[in-house]
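As a starting point, one isolated chain is supplied in structure tokens, in the form predicted on its own.
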């Protein structure tokens, strides 16, 4: 019997024979903690281990992305605890100027296809976008990972997701992601790994793959792998400074189930509060008046997301009374948006641009929270009450967000007359 992607990755990082259902100790290529969980990781290390806190400082990182720069005294203290510990132990730190931790790990070639990484981030499985295993864990487990460079997992079964059909503008990779979420719901991937296949999956750029992988948690999944194509392999090899190989499932790999998702002639979609899987076509919801719009987050804060919004906003104005805020995911995205003139487009349209690279309005403590009874369109990953404030959050693609900001109500990207 052949092996799935996760079985192959785990086997290459363990001395044991790996199969679904077995428990395996896994060597970790990367381990990180954010500015939220980092201080607790430090606390656990100091309380439970007598010095020599890190198995390998070169493989260990703090990543600041939730409140950057610190917007509260709590976060200022948290970050300083991490900075002092990093200096003491000679571990690595990506400070408040770098951006979302998982994105930075990809951009810098620290995480590559087939590698293993853990961190204090519920969306750490976004690393499946490049065919790597990533998993969010609690503070105690991450402290153990820092100390030993290892952790254990019960190897999950894998489901195969076949995306069938083709779609065109005004639909985008976020709408493809919505189509998968509509099919699977909030528990359709529960406790499983997944692998994506299909023509539209193969067409996805790295940015689109990040969007798709970022919503694994909202479907209950452990990790969802998008097999890296030549473009991803080339990018990751260049960033890592060495040739990297992808890990691919065997033809006779065993899947617990197969799911087919039809995206033929896919329409722009919207997820209504309070669940990110409460999904409908924009055409059925069009006309909902909005107060604010946020474009950013680990789900849609990439350069292609900024470009999609800029194409719509160029030569147009945000509707009076609507507050549009934009946050890039990383410093690299920010710099390219400035270089290519996207920031000028956003400013001329009347957007608030940019807050510092990071999670932006997706995280409490960052600029862009919504007030009582306010209706916001957001490109983030969750929309429960309180996630970004007490208002109502509808999740959409960056293209839909930008078009709606111009119109003043939920609207399809093609309502502006823009052609992709």
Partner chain sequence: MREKIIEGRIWVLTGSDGRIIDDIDTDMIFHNKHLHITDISEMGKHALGNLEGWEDFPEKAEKGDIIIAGKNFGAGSSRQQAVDCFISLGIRAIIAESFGAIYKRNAINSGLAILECPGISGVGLNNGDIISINLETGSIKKDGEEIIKARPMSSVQMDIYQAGNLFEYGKSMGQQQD
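Residue numbers count along the first chain shown, from 1. Not measured: the values here are computed from a predicted model.
What comes next is about the form predicted together with the partner chain, which is not displayed.
Indicate whether residue 55 is a 4.5 Å heavy atom neighbour of the partner chain in the predicted complex.
Contact check for residue 55: yes, within 4.5 Å of the partner chain in the predicted complex.
Do residue 78 and the partner chain share at least one heavy atom pair within 4.5 Å in the predicted complex?
Although the partner chain is absent here, residue 78 would touch it in the predicted complex, with heavy atoms inside 4.5 Å.
Should residue 141 be classed as touching the partner chain in the predicted complex when contacts are defined as heavy atoms within 4.5 Å?
Answer yes; at least one heavy atom of residue 141 falls within 4.5 Å of the partner chain in the predicted complex.
Considering only heavy atoms, tell me if residue 42 and the partner chain come within 4.5 Å of each other in the predicted complex.
Heavy-atom contact with the partner chain at 4.5 Å: absent for residue 42.
Of the residues 120, 292, 172, 214, which one places a heavy atom within 4.5 Å of the partner chain in the predicted complex?
It is 120 that has a heavy atom within 4.5 Å of the partner.
Ok, 135, 89, 323, 205: which has a heavy atom sitting within 4.5 Å of the partner chain in the predicted complex?
None of the others qualify; the residue that does is 135.
For the chain shown here without its partner, which stretch in 329-337, 197-205, 120-128, 247-255 has non-hydrogen atoms within 4.5 angstroms of the partner chain in the predicted complex?
Careful reading of the contacts points to 120-128.
Suppose contact means any heavy atom within 4.5 Å; which members of 139-153 contact the partner chain in the predicted complex?
Residues within 4.5 Å: 139, 140, 141, 143, 144, 147, 148, 150, 151, 152, 153.
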